[in-house]
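Only one chain is given next, in structure tokens, and it is the form predicted alone.
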């Protein structure tokens, strides 16, 4: 071993310690415990390893995922909405809705430019409180940037506000055949991939080349799944169902490979923690002190993605006046246990411990299936890019960061007006100046743009 190595390591440590000390001395704001907490919030780590998807970092899979993300041919008939509301076609039209229409690259990966008002809130302050797919959905569309970093302390990788799925690839494959989303089916998806992306798919998944039998529409009808056109699906043999399900699973794995490209680093906050004392304003620094101190935000918004990826009751009463398509009766986390855990369901097959996982023996779901899940639990959202991703909350009913801060300052809504409980937050009693400082800090969490190459629509025409 090089005898200089220990000395060099010591010098590196001392230099790092000196840099941190200089930052503390210059600002004279943070105690040693506060700075220790702040240091856990930056930088973003390397991409997490998802052993349940061995194609996660395959360039061929990512390219296929990007093409499919922009392809509307995966969608079935439109069921609701008008052009004024931002709908992409007439009721009954198919092939109009792609993933990119609810997660729009040109609008910070959100559904915020397809219309200017909800149907029952014309001209209102919240353009799209919830998303419009084939139908109006009950949830606000989230940005996809940095969602790869959602990772529970147990190692679980829960998706959606309610923990709907336990991997990115399982979550992604629910969209094409979700009736409110794209309203297509897995048979339809298999045909689109076979007819338009066969070479791309075979390059991405050489172990699972597409079977030429998919050209036979008598054997494989144009549409069908366990949820839509069920008779067509039930008419398939067990071997043919397996073939189509494999295509669906690999579709999800290709989308995950693409989502792993949608990463934004180097926010002003990251530069500040790294030693650039002028990277954020004086008000933002005071807001950071509130975030880790008096406001207590860091108790749930922890780690480099500013989320513990756990589930909490914050006491949010759904306001259908501001979000007319939101559902006050949604129970949250508890609704999804059977979907993920029952081996007799399609969800069981596609879970991280299921038939299509590349690591079915994984323990990363944190013994979720043995737990008793209470109603009213919703996942902590990450805060990176938060200043650019209004509206807020799962219902989209908060139009601005000021609205969110006011909600937390008052300690949420009153007991009995929301699902579950008791709520886990209390009034903060922040002054007007402190609220503004907290907002200024949150604005420092916006990083560099996603590389332009991943914003391009490459789907085959």
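Positions refer to the first chain, counted from 1. Everything quoted here is computed from the prediction, not taken from an experiment.
Below, we turn to the form predicted in complex with heme C, even though it does not appear here.
- Distance criterion of 4.5 Å from any heavy atom to heme C in the predicted complex singles out 380 from the list 362, 245, 232, 380.
- None of 193, 99, 280, 249 but one reaches within 4.5 angstroms of heme C in the predicted complex through a heavy atom, and that residue is 99.
- Only one of 130-138, 367-375, 268-276, 223-231 places residue heavy atoms within 4.5 angstroms of heme C in the predicted complex, namely 130-138.
- At a distance of at most 4.5 angstroms from heme C in the predicted complex, all three residues 160, 168 and 442 contribute at least one non-hydrogen atom.
- Among residues of the shown chain, residue 415 is not one whose heavy atoms approach heme C to within 4.5 Å in the predicted complex.
- Taking the partner from the other structure, heme C in the predicted complex has no heavy atom within 4.5 Å of any heavy atom of residue 204.
- Among heavy atoms of residue 386, some come within 4.5 Å of heme C in the predicted complex.
- Contact annotation: residue 299 falls within 4.5 Å of heme C in the predicted complex, judged by heavy atom distances.
- In the predicted complex, just one residue of 69-86 lies within 4.5 Å of heme C by at least one heavy atom: 69.
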